[in-house]
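Next come structure tokens for two forms of one protein chain, structure 1 first, structure 2 second.
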Structure 1
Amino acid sequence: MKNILYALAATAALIGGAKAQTFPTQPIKMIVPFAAGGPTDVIARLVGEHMSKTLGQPVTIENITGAGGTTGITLASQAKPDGYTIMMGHMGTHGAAPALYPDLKYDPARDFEPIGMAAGTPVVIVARKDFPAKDLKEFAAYLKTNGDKIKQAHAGIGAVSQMTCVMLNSQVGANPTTLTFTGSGPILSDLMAGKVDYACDQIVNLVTQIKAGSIRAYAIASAERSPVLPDVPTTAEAGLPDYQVTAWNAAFAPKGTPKDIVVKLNAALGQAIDDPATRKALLDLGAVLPQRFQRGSEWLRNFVVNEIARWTPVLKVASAK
């Protein structure tokens, strides 16, 4: 009996290994839990395009929006764990969501096989171009004075734009009316049209419009200015030193995806980040690329655990305010 079990286990291992060797034999779907054209989508498409070349099969993007990205990630977490459905998660879906959704249908630390970090994206405080404040101090004072007359946009509870503005609002004492969108792409259109007043958004979504003057940037929430937006002061320079936040985007597969397949996907993602054209495209948008030690699956697994631990108390306090 024991021998039969060993033989079965050996056959299963052989089949698994053979599968990984031939993987992929069909297109890979990468679920993006926000609207097309926003930061998550742009990063997923840039790395996905290069991963397609490495893997020899198209990596196609599917945008499944809703509930601050948690709708798409819930569906992705339930997909068959065969490497053909993966997802681009971020600081909100895999770091903040547990603090903000008591009934979250997935556990970011347990229900995924991390593939790898794709990019860091510093947060920028932006407003419609004619917002009546010349700098961050005036902006903060205006928000405080005008309360719910001010309209702040975000991409749903737990989205980066929501959680980071919860923090900003709690720090400056703002209490705006909030409007929910399916992603930062549509937020940007409404900011440019002057239909909303401000947002806390990721740099990757904003560089072109800030440079063109079609929206106004008050500060970047990173320790140093971005090389692509050298005129935008840091929050420390602008008088809000405690507001520091760089979001991140990372690829994940559903739990149970074979390790060999995750290794292949991780390598393809790493090659995308090292590809000169992909790298340049990401850097031109202000993304911060992961260093080598930040690229492994296990590194990402630990990072997610730490992010949940970091955000849960901060967001509980800030949301309560």
Structure 2
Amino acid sequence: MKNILYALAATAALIGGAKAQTFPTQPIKMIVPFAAGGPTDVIARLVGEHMSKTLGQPVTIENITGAGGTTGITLASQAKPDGYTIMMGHMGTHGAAPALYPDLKYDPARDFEPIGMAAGTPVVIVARKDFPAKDLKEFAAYLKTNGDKIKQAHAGIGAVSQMTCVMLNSQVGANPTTLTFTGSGPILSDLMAGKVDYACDQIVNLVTQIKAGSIRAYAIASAERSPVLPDVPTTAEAGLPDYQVTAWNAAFAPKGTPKDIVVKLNAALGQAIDDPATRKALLDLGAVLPQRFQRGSEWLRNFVVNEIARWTPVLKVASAK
């Protein structure tokens, strides 16, 4: 009996290895849990296009929106674990979601096979152009002393603009009136019109308006200044060193996807990031690309665990308030 079991196990291993060697033999679907045209979608399309060339099969994007991105990720987590359905996860869907959605139908740390980090988009603190503060220190002091007279805009629970301003407000002791919008576009319109006072959002959404002087940028929450906004200081330079936030985007596969297939997908993602044209397109958006040590599957697995630990206390305190 033991010999039969060993033979069956060996046969299964050979079959699995053969599948991995021939993968992919059909198009790969990448689920993006946000609307077309947003930062996560743009990053997914840029890396997916190059991954198609490397893998020899199209990587097609499917946008499934809802509930701060968790609707699309929930569906993707339930897909057959064969490498033909993957997803572009995000700081919200795989870091903040457990604190924001008590009935979340997936565990970001356990229900996926991490493929690799794709790109991050640093957060910029912006305000209406005539906001009465000349720098970040004055801005933080003004928020703290003026309370709910100040209007802060965000794009809904689980949006980067919501989560990152929750963190900012908790660090500076602010308690503003918050206004919910349907996306970054409407937020920018009201910021430029002076109808709201400030917001926190991804650099990809803000570069044009900042350069035009339509809104005011106080700081970028990254370790270094961005080449696309060289005059905007980092939060460390501006006096708020603990506020470091980049809205990361990373590829995942459903739990149980064979390791050899994950390795192939990781390699294709890495080649996309190294491709000069793809790199330039991402960097021109203001994106931050992962360093070599940040590209591995296991590094991403540990990173997700740390992100959950980072966001949970901040967001739970905010919810309690």
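Given the structure is predicted, the values throughout are model-derived calculations rather than measurements. Whichever C-alpha set is largest while still superposing within 1.5 Å between the two forms counts as the rigid core. Numbering runs along the sequence of structure 1, starting at 1.
The form predicted alone is structure 2, not structure 1.
Domain assignment between structure 1 and structure 2: Thr164 and Thr278 are placed in opposite rigid parts, by better superposition fit of each C-alpha. Hinge angle between structure 1 and structure 2, smaller rigid part versus larger, from C-alpha superposition: 23 degrees. Once the core of the two forms is superposed, the Cα of Arg128 has moved 7.4 Å between structure 1 and structure 2.
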